[in-house]
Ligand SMILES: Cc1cc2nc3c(=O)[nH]c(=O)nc-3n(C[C@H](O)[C@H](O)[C@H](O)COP(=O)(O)O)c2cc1C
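For reference, the chain that follows is the form predicted on its own, supplied as structure tokens.
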């Protein structure tokens, strides 16, 4: 079964009552549904009704529209909201959602015949379609005013069918379908002054390869990108995290993910007192006090939940480095440590290839030198094993 995260926008028409059945059908199909109601919609059906049908509590997060979703459905779509979406107005949560959403959009118009046939409405619809929106309906039939004609919202079952078609074209199926996967990638930079920083050589190739591989296996993937030097894979939500503090904050905010792959090279130290201006060049030495950053992997391990898989990455050299990585299993309460030998110059940082040792509590396995996408697939094979049957 293809499981997706779906946003359902409900606008202020009499057909709002039909959206209740749409939400019920989508939830029954196993999807994660988040309702977004306009003020007009709540004149007909309360938001609490939709949250109850979605089988979840209203989120504490004030920005649900900024979270990744596989599909945005607006049903019913009134003439007023159609005009606002066509012209990018963001004066309510649904408008903001439509602008922030990066996946497919499916709309089900509902209005009286005269409004539907007006040239302004048709021009607004054409704008949405030109930008890739899919339209279901409206149907011919008896309208709320007692008239008969086009403008009746498509039936919920038909909208649900079109949702399935849209998802089949955009959401990959696979062994991680329905799973939330969090990946960190790149290298953090800790400011010395307004232009200089303490950083590392990580490009983000390994982390983005992991994100692409997880997405290819059907997962919903969020990528915390620290100064990436490579492109973000399609279908992956990017959250920029330039510093260690940024990465820690965003990672802890998403700590309930099913799988967390901590591939970013997070700075171990940061300047104790970074300058807000640029320090002028001079012949005098510049002494900088460095203090430890917070260990993100340890913080996530301390609050892990049952059934979650945590993967830490370690860049060290030689057998002594590998021994230190083995200790991370217990010290940081993770399931898998990926050891990368940075003593070699043909793999790892700034290289298209890598060779790693996968360290778990029940053994170790070397993944021979290969392109980073192949290494990513091997790591995810191990993740699936740790998740267990039916992952």
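Definition used throughout: the rigid core is the maximal C-alpha set that superposes within 1.5 Å between two forms. Residue numbers count along the first chain shown, from 1. Remember, predicted model here, so these are calculated numbers, not experimental data.
This protein has a second form, the form predicted together with the ligand, left out of what is shown; the following refers to that one.
- By the criterion of a heavy atom within 4.5 Å, residue 44 is counted among the residues contacting the ligand in the predicted bound form.
- Of the heavy atoms in residue 14, some are within 4.5 Å of the ligand in the predicted bound form.
- By the criterion of a heavy atom within 4.5 Å, residue 78 is counted among the residues contacting the ligand in the predicted bound form.
- Contact annotation: residue 270 falls outside 4.5 Å of the ligand in the predicted bound form, judged by heavy atom distances.
- At a distance of at most 4.5 angstroms from the ligand in the predicted bound form, none of the three residues 98, 104 and 136 contributes a non-hydrogen atom.
- Only one of 300, 125, 257, 111 comes within 4.5 Å of the ligand in the predicted bound form through a heavy atom, and that residue is 111.
- Only one of the listed residues (179, 248, 84, 215) places a non-hydrogen atom within 4.5 angstroms of the ligand in the predicted bound form, and that residue is 84.
- With the ligand omitted here, the record of contacts in the predicted bound form names 34-42 of 50-58, 330-338, 34-42, 359-367, defined by a heavy atom within 4.5 Å.
- Relative to the superposed core, residue 288 undergoes a Cα shift smaller than 2 Å between this form and the one not shown.
- In the core-superposed comparison between this form and the one not shown, the C-alpha atom of residue 111 has shifted by at least 2 angstroms.
- Annotation for residue 331: C-alpha shift under 2 angstroms between this form and the one not shown, rigid core superposed.
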